[in-house]
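Have a look below at one chain only, the form predicted on its own, in structure tokens format.
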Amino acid sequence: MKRIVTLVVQNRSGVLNRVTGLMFKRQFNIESISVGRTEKEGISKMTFVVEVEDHRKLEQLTKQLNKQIDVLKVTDLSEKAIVARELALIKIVSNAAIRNEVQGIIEPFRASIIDVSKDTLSVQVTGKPEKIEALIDLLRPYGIKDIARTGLTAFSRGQQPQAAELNQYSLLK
């Protein structure tokens, strides 16, 4: 089962390496990672999407992460109401004749063209991973030359719904 796990960590050299090394040793598959500074000086937040077998393995991972000196807080966001986004840059084969057609495809996704050259077009899109996958699938017939994705970043919403309402907010189902 896929889980979204966030870590609040000290922004020190080697922290990411220690955390990913721990996951490697325990054989957790990391699907995506995003890391960035927080509102507090010297503190960063890591967001991992990991594949775990069951709740026992998730608990094992959480306990191991909490033992790391630079890790201040570990949170599993998977069953909470969250705000989650990912950024993708997609470079496709293009010429002047199909640019309007591509513009018509990306517009409903609220994506934008960020670079145009003689034979390529670069598109920027943000949103849930499913949205990004859907746009990539639509652009694939034009010939994708390159894709760069940030990985999911997330935090919990200010107000959590009741347990019965949670399924409608899940990103991973």
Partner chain sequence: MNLETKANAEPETTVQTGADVLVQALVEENVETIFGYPGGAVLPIYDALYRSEADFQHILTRHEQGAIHAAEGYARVRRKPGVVLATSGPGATNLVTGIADAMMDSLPLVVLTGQVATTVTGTDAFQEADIMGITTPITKHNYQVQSAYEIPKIIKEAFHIASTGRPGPVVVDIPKDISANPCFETDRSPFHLPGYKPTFKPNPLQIKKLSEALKKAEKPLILTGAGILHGGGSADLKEIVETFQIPVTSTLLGLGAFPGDHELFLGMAGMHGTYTSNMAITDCDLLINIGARFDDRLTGNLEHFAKNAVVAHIDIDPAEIGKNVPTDIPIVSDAGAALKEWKRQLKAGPENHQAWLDELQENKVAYPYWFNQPPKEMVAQWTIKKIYEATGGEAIVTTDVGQHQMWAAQYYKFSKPDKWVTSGGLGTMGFGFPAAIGCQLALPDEKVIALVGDGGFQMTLQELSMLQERHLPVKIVILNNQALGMVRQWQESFYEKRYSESIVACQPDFVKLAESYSIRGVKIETQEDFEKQIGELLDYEGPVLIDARVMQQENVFPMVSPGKGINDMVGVKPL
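Positions refer to the first chain, counted from 1. This structure is a prediction, so every number in the text was calculated from the model and none was measured.
Omitted from view is the form predicted in complex with its partner chain, to which the following refers.
Problem set entry | Contact label in the predicted complex: S156 to its partner chain, heavy atom within 4.5 Å | S156 lies outside the contact set for its partner chain.
For this session: Classify L72 as contacting or not contacting its partner chain in the predicted complex by the rule of any non-hydrogen atom within 4.5 angstroms, answering yes or no.
Result: Looking in the predicted complex, residue contacts with its partner chain include L72, since a heavy atom lies within 4.5 Å.
Problem set entry | Contact of E133 with its partner chain in the predicted complex (heavy atom, 4.5 Å) | Looking in the predicted complex, residue contacts with its partner chain do not include E133, since no heavy atom lies within 4.5 Å.
For this session: Using the partner position in the predicted complex, report whether D119 sits within 4.5 Å of its partner chain, counting heavy atoms only.
Result: Looking in the predicted complex, residue contacts with its partner chain do not include D119, since no heavy atom lies within 4.5 Å.
Problem set entry | Listed residue (T126, S112, N29, Q68) with a non-hydrogen atom within 4.5 angstroms of its partner chain in the predicted complex | Residue within 4.5 Å of the partner: Q68.
For this session: Answer yes or no: in the predicted complex, does its partner chain come within 4.5 Å of a heavy atom in every one of Q103, K145 and R149?
Result: No.
For this session: Name the stretch, out of 134 to 142, 51 to 59, 33 to 41, 103 to 111, where some heavy atom lies within 4.5 Å of its partner chain in the predicted complex.
Result: Within 4.5 Å of the partner lies stretch 51 to 59.
Problem set entry | Residues of stretch 119 to 143 in contact with its partner chain in the predicted complex (4.5 Å, non-hydrogen atom) | Nothing in this stretch is in contact.
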